[in-house]
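Next comes just one chain, in structure tokens: the form predicted on its own.
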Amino acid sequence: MDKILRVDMGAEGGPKTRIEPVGEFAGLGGRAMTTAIVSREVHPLCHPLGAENKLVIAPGSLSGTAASMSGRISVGCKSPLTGGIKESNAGGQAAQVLARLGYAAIVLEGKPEGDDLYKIFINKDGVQVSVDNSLKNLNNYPLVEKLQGQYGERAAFMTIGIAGEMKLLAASIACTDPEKRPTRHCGRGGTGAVMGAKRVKAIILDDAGLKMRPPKDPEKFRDANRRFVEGLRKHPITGEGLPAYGTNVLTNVLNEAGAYPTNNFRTGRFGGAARIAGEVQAELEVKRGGSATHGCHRGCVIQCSGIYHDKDGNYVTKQPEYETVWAHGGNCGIDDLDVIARLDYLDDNFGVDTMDTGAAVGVAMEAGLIPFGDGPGAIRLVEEIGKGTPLGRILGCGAAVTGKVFGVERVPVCKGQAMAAYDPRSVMGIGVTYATSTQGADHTAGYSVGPNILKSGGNLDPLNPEGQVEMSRNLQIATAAVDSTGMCLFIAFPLLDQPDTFQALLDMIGAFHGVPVTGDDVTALGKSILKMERDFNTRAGFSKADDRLPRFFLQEPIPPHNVTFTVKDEDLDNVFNW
């Protein structure tokens, strides 16, 4: 990965491409790359959907190699949802293919005049940017099917659905999985809207004729990868829980802990949780001929995804993740897995973030549009997004906009982005992450649920504010570094609990690049990324007042523990003081 592809979509006479050496960005991958380019080249006060914004697509530093779990791709820009810097990453095949093509990043710049839609095709012979208005108004599933007919089944696709074309603030970018289904999404922050503003409907990546990226020291690399995989397989979360039941194994865990946000964050336990839990979901998937164990990209050994079929054995969607099952399930009082699977499919097809969309539906329920628990009503609401109706455009812009339009006070967002499936009053560590993350309310930015609830990476009382700031700080630093490698974040469980597995990862990175890598190097990388992101957000107008939870989390005790969020403001202000 020694080159960067820049595509000026607003160039006179039509889009122009140029390929340049990686230069000052050498050695960076994933989030480190997207953050470095956006922070240096995008004006922090620009309009996110304007010509000044850039959409940066970067594979992880280990993507395209034989390293297990290295298939995450990062997309960065100024977010139209939060107004700050954004990095959103996803699995699927795009990262591996783009890395083998030798590109450290694709940067979409400028903005074309007119209504033409473009597609970008990249293979070993070069880059082609062409108008294809036959793709207009296609959603992700029919879009990818059409493109497969043109480019074959070997290619990987990054696409936007109708939500991206409409530039809705919760629009996502879909990445195809090994079965060429658009099921893996850079979902958070409205990256799909930025791609839509650039008038790029699809990026097609074909690595035919190319091989995996070779390590500097093949023997040490193979040995480190072997030890790394052994570590993943022997850990109870990555070796047992996630492969058997997927991420939705957390439903019963969080519900029992009293931290499962229900009916738009009114209570911490959901009476219907047992009917939508991962154990039930996995059994149903197998019974209907789907699968409870599936990798979202080749090289994944955790295999936490699956395939969901309907009662007649027909494909509906990939296995809905825990956060999706929660967003469209307990958060809306819905306990029907078939309804949730249908909503997951609609989200993927239209191209919207499942979490912000589910949160928006929950806010709409609070506003009285439909009652909590109304599954068919929730489907009708999400279908409005696909139709592009005024109501659909409101919901497709996420929970914050929906709350403002319908006059709802209780809106679970930070910096405009919806929270995920963990109540910050019952899991105070995740509350610190929600409040202070550079990305808005992003649970993955510092997954404090591990030490607070799962007792992985430590053991800290989730109901006590003491120690939560330090824990979130350390996890945010580590996560920023992991997001730069292309590695799936789930590797963090064995890395934090098993020193030999962490050392195996360091050895693997070192063997690939031919230089020793230490834990201090990882920490320094994470800090440097967060520093750039904080600096961008400050220049965009953010202040410590934006590092706060909505007031109702400090005022309304949540059953069953009847607690509020009690981490002090002055402590939140110290998260990034290291």
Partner chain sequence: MQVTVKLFATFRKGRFDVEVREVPPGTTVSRIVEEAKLPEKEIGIVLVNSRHADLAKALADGDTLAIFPLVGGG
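Positions refer to the first chain, counted from 1. Because the structure is predicted, anything quoted here is derived from the model rather than measured.
Keep in mind the form predicted in complex with its partner chain is missing from the figure; the text below concerns it.
- Contact with its partner chain in the predicted bound form, defined as a heavy atom within 4.5 Å, holds for exactly one of A224, M471, I477, I453, namely I453.
- Contact with its partner chain in the predicted bound form, judged by any heavy atom within 4.5 Å, is made by just one of K167, R269, R181, R100: R269.
- Listed stretches are 487-495, 503-511, 366-374, 429-437; the contact stretch with its partner chain in the predicted bound form is 487-495, by a heavy atom cutoff of 4.5 Å.
- Proximity of A257 to its partner chain in the predicted bound form falls within the 4.5 Å heavy atom cutoff.
- Its partner chain is not shown here, and in the predicted bound form it never comes within 4.5 Å of any heavy atom of F350.
- Residue contact with its partner chain in the predicted bound form: V316 places no heavy atom within 4.5 Å of it.
- Its partner chain in the predicted bound form is approached by P236, whose closest heavy atom lies within 4.5 angstroms of it.
- Contacts of stretch 405-438 with its partner chain in the predicted bound form, defined by any heavy atom lying within 4.5 Å, are made by Y422 alone.
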